[in-house]
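Quick heads-up: it's one chain on its own, the form predicted on its own, in structure tokens.
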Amino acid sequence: MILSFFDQFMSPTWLGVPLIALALTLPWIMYPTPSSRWLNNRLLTLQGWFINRFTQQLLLPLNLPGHKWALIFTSLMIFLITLNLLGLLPYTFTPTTQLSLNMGLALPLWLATVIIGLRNQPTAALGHLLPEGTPTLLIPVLIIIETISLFIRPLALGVRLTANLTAGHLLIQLIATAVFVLLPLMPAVAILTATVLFLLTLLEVAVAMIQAYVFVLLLSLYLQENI
């Protein structure tokens, strides 16, 4: 049986039931529930510190009305980071390599920011489509370009997350395959390749966290434009 490198991105099934739903619910089970006690264990303390720091960093560019989105953005950030990091473990499936899932997260949230802008300040929201001081002849062209750039934002959010994770997983699998092939033939080269594989894995851990942060950060910037 010949397996493709892209088989790892196929959603696993059991008795015909896709297991992606189980993968999506797993992050919520892993984290402990915060307690109201004065003293908590180290895990709860670290979890609370991380959430507080991230929330403070995320809300810096946002106006006061945008602070209502803190719970959504923080939950989404933790959710994406957990999914991305769990996908780096052997024999696991990464749901965020599926463009459909990423678009399902990006499109409703982006649409919510646009609707908020059109409801609260319609003039300013529509004014983004035409920069100030534009020559009269360029007005129709710029409106079309800005409209396309507006509607392409959710696609860019989804494709960016999908492409980065997919490329990283493919590189890890290619280099790991090269290590197993070279080990009986050229052990010295195989050890060097294994070192590169280890460094690439560390890079992918950083990419998994950075891409989740970039996804939420761009959503917060889109929200800032419309509040």
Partner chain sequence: MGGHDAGTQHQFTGIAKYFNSYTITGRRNCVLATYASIAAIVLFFKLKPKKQKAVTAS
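Positions refer to the first chain, counted from 1. Note that the structure is a prediction, hence the values are computed from the model and not measured.
Missing here is the form predicted in complex with the partner chain; even so, the following discussion is about that form.
Interface residue remark: Ile144 is counted as part of the site for the partner chain in the model of the complex, having a heavy atom within 4.5 Å. The partner chain in the model of the complex is approached by His128, whose closest heavy atom lies within 4.5 angstroms of it.
The partner chain in the model of the complex is approached by Pro140, whose closest heavy atom lies within 4.5 angstroms of it. At least one heavy atom of Thr134 is located within 4.5 Å of the partner chain in the model of the complex. Proximity to the partner chain in the model of the complex, taken as a non-hydrogen atom within 4.5 angstroms, holds for one residue of Thr123, Ser149, Ser100, Asn120, which is Thr123.
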